[in-house]
Ligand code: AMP
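Before any questions on how it binds or moves, here is one chain, the form predicted on its own, in structure tokens.
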Amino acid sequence: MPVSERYRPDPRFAGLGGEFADPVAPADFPKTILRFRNDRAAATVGLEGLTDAEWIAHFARFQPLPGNQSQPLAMRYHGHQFRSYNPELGDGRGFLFSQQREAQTDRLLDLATKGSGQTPWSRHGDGRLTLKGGMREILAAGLLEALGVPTSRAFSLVETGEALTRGDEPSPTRSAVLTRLSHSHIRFGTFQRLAYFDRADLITQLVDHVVETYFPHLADAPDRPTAMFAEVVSRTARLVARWMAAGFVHGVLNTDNMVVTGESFDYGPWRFLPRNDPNFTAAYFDHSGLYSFGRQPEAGFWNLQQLAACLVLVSPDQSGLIAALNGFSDAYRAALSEAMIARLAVTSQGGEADIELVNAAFKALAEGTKLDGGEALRWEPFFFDWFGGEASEARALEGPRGKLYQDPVFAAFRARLAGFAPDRPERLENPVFGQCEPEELLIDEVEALWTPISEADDWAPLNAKLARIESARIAYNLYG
């Protein structure tokens, strides 16, 4: 097969043994229609040279990649779902397919699936994914990457020709198998399962694996569990902060949906904010608002508490775990300040100056929603209009929200912004900033993109949207 010299297989997870995963066979799908392939992501792991037929062989029929895992592995884990512990979880409709090194960074990256068939952990599920669900994950991952959020990347989507019945959308509906590329699929719930069975030996083994595989700079730490946990706290704080700056609501922040490397993944009932609303929820079944936009930091902290409770079994000094956990709040605030400064594309001044600007931005976002009946200011256009800070003032005031920004509720924000220089102002020369509106993904547009696929098998609007999101990613270049 035409892999490049950048393809470097390194299947490490399988070496942990049978307590961590189960070998499984992929479903034999009646059809394999390639709907999406992410050649930019594939190039990072040396797989962009595959023909479409080879791509389907590996990412629809799941023939092993050269030198990689000989068989897919359904990972074992437990988790809290809406804070109720569930010991019957695990990869029920997906598996770890392969692991390989990223060419530029040398990071270990997983290729894993969703909708690839039943496993020992499927319970009564069919192990499948709807085509619409696959489309939604492509969109979510694409825009989050553009907005600088650490995220898995949708790698492949293949329509599989089965008619699925679902209770939350018109059925029968079309089916698909998705492959995602991500840094890790080791969940908080992976540790929870081992703690549930009181297997301190396996927790120690998993800690060593995580440190040596993902955090090698911690290899000489005298207390590896605590050092690893502190790293996970920091990465989780960064992830949640960037969700908040992006106006993103994950929707299902269970402990099996958070990974130790601090990446966002497994996109189900996600939403982007229409406008600033701390109570905005993504999942129709989240009746209490547990995972609402404003409660996502709380959810991240609570999930870290559950991980810490597992590590108590193997850490020689519990005070270190407590100290690391208590550091989440400061780490989150610092990460949120950094993320908001990046989204406004201004140069950090550090300390209180940054904090005051961030507070002024949040206040403007909140008060701006109260104008004109609460519909005036949307989340994403605010950051688009003021990208580059004062350097974009004329653009903002001449744009579709110009009159709005002249309202007194924006005076404090504009005054704070005036003291900040633009960061890499050459970015404003990109044609994207000549447009009136940014790329958003509000629910009405998502539904509108699905309609032509559902009714006429017309993928052109989706492909055009993905091209615009990619243009935005290049233009924003948020973290250089």
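For clarity, every value in this text was computed on a predicted model and none was experimentally measured. Residue indices: 1-based, along the sequence shown.
Just so you know, the form predicted in complex with ligand AMP exists too; it's not on screen, but the next bit is about it.
With ligand AMP left out of view, choose which of L311, A339, I138, L89 has a non-hydrogen atom within 4.5 angstroms of it in the predicted bound form. Going through each option in turn, the one that passes is L89.
Would you kindly say which of D354, D277, E145, D266 lies with a heavy atom within 4.5 Å of ligand AMP in the predicted bound form? It is D266.
Even though the partner isn't displayed, in the predicted bound form is E162 close enough to ligand AMP, meaning a heavy atom within 4.5 Å? No - in the predicted bound form, heavy atoms of E162 and ligand AMP never come within 4.5 Å of each other.
Since only the chain is shown here, I'm wondering whether N257 would be in contact with ligand AMP in the predicted bound form (any heavy atom pair within 4.5 Å). Because a heavy atom of N257 falls inside 4.5 Å of ligand AMP in the predicted bound form, the answer is yes.
Check whether R123 has any heavy atom within 4.5 Å of a heavy atom of ligand AMP in the predicted bound form, and answer yes or no. Answer yes; at least one heavy atom of R123 falls within 4.5 Å of ligand AMP in the predicted bound form.
Taking any heavy atom pair closer than or equal to 4.5 Å as contact, tell me whether G127 reaches ligand AMP in the predicted bound form. Judged by the heavy-atom cut-off of 4.5 Å, G127 is in contact with ligand AMP in the predicted bound form.
Quick one: which of 324-332, 73-81, 357-365, 376-384 gets within 4.5 Å of ligand AMP in the predicted bound form, going by heavy atoms? In the other structure, the partner sits against 73-81.
Considering only 146-181, what residues come within 4.5 Å of ligand AMP in the predicted bound form, judged by heavy atoms? Read in sequence order, the lone residue that approaches ligand AMP (within 4.5 Å, in the predicted bound form) is R166.
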